[in-house]
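As structure tokens, one chain now follows by itself in the form predicted alone.
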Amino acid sequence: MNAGDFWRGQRVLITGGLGMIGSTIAAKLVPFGADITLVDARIEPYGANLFNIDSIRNDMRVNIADIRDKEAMKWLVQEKDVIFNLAGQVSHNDSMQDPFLDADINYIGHLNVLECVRRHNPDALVVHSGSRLQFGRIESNPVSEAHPLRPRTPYAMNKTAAENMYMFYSVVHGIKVVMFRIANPYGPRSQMRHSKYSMVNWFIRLAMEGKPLTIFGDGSQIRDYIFVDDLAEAFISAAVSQACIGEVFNVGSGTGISFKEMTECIAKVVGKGTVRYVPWPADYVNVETGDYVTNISKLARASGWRPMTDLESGIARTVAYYQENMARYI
């Protein structure tokens, strides 16, 4: 069965649906004829933006609700076939300042969704978006799913606790789940107002404004940057594949890029912006995890998914999007 045949008429719920990843998944499912409902609490300063669905607004329903709202979620999960549960607090630095809020959204909120599914729609498939930060200090690259989990921030700890909860609901209650640990996503539809998340997007904004791109240390630290279209395809592919149910997958581009290379690529594509090196701030040293590259072989085997976009191409597509739409994101 091809993707179009699978998704035609499928009832899909996307929490955090007005953010970069959720809205990109929605945009890819609309042409297949999926019946889509987006849910988003539109909490500041997170990435919800109605303009993200401007071109497909009439092809779906949008419900402004919080995943922590038991009554709202009780009704929203009903009669859905697939639930992409993407809502979350996504700044690991903010989680250090307010660990209670992070736990409330990233753990309790997801517990609420799963419990509503268990009680009101136990046949649904639920896909969870975790983070590569769950691994903590990296011991060896590329990082497989077997790498130890030693989270270093409340954000990473709550993502790990939520992942364990998803596995519990799978094993004990028979809920169909798929769990992702995502590298560093970037691309169109990301917020561009601040640098708390999506560093690539923030650097693109700085370069477009002719401002310096500030790097901690010498820029040799390596990260794995995944273009949002590739990430959305990973979610869609995993939801289709029976082999993915009950499994945890690392998701990234599979390619390591240094900060120095990433910023130089942005400056090259944008045509302006300079790179500036500064010492590591004390509050970053404690949570720095070291170099990170994703081993994507498990997801590739289970679903057939492969990333298609190299960093320079992804940056070029992102720059083109914001050259046209920047006013909608700042």
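Source: prediction; values computed, not measured. So that there is no doubt, residue numbering starts at 1 and follows the sequence shown.
The following text describes the form predicted together with a small molecule, which does not appear among the structures shown.
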{"query": "Residue contact check: residue 129 to the small molecule in the model of the complex, 4.5 Å heavy atom", "finding": "yes"}
{"query": "4.5 Å heavy atom contact, residue 56 to the small molecule in the model of the complex", "finding": "no"}
{"query": "Proximity of residue 296 to the small molecule in the model of the complex, heavy atoms at 4.5 Å", "finding": "no"}
{"query": "4.5 Å heavy atom contact, residue 67 and the small molecule in the model of the complex", "finding": "yes"}
{"query": "The unique member of 90, 114, 204, 238 whose heavy atoms fall within 4.5 Å of the small molecule in the model of the complex", "finding": "90"}
{"query": "Option touching the small molecule, based on a heavy atom within 4.5 Å in the model of the complex, out of 259, 107, 197, 135", "finding": "197"}
{"query": "Residue stretch of 144-152, 183-191, 166-174, 205-213 approaching the small molecule in the model of the complex, non-hydrogen atom distance within 4.5 Å", "finding": "183-191"}
